[in-house]
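Only one chain is included here, represented as structure tokens and corresponding to the form predicted on its own.
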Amino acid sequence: MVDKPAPDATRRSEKSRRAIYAAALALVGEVGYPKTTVEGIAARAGVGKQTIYRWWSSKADVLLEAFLDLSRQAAREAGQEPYAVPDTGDLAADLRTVLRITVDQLLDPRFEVPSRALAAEGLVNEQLGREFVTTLLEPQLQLYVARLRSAQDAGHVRHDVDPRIALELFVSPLAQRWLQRTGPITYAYTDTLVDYALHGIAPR
């Protein structure tokens, strides 16, 4: 069988693409991932089903790309485009800045509603969970890795510290609190996570 050539993204209708993104995110938030269908997305976006299949192979691909686009929008609105962990030379301040932006995103209904639906589905749908981590989560975590490595080079973080593990000291508690609703998501909370992660909890 001859593989079909990859679709030319430059030929996509920007209006249709935006409508499809919005429809996919809205539907998954309203009815959940299992009940979201390509047909439903197409009907809501006002496009033909074949339009979606021309550009994406599945509803998962549509949703993951829609989330990437939403993340870029959030970064643009926060003045953080291209999205990155800032490097001002002050690691604590840089982490506080990007975590505050994350708080804003987590509390934004445009992101929160569909994201919770996908996160819940990812717990029981292993393939979707892997795609979510690979496509969306891990690239963002690697930005923290890069910043922590820069801090190591500057002598602000011990050289024997594994940056990929260290970032979980402030990222994972925030994710858990948001997912399980165990407490409020605030700037004060993430500032405290940074303080505890960088300075520990032993007496100073």
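Position 1 is the first residue in the sequence shown; the rest follow in order. Not measured: the values here are computed from a predicted model.
Just so it is clear, the following notes concern the form predicted together with another copy of the chain, a form of the same protein that is not shown.
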> Taking R130, R158 and L169 together, does each of them reach another copy of the chain in the model of the complex with some heavy atom inside 4.5 Å?
Replying inline: yes
> Of the residues D61, D69, E39, D162, which one places a heavy atom within 4.5 Å of another copy of the chain in the model of the complex?
Replying inline: D162
>> Give me the residue from L27, A45, L148, I52 that has a heavy atom within 4.5 Å of another copy of the chain in the model of the complex.
In response: L148
> Might L143 be said to contact another copy of the chain in the model of the complex, defining contact as any heavy atom within 4.5 Å?
Replying inline: no
> Closest heavy atom of Q176 to another copy of the chain in the model of the complex, within 4.5 Å or not?
Replying inline: yes
> Even though another copy of the chain is not shown here, does A117 get within 4.5 Å of it in the model of the complex, heavy atoms only?
Replying inline: yes
> Is Y196 close to another copy of the chain in the model of the complex, meaning a heavy atom pair under 4.5 Å apart or at it?
Replying inline: yes
> Of 187-204, which residues get within 4.5 Å of another copy of the chain in the model of the complex if you count heavy atoms?
Replying inline: Y189, T192, L193, D195, Y196, A197, L198, H199, G200, I201, A202, P203, R204
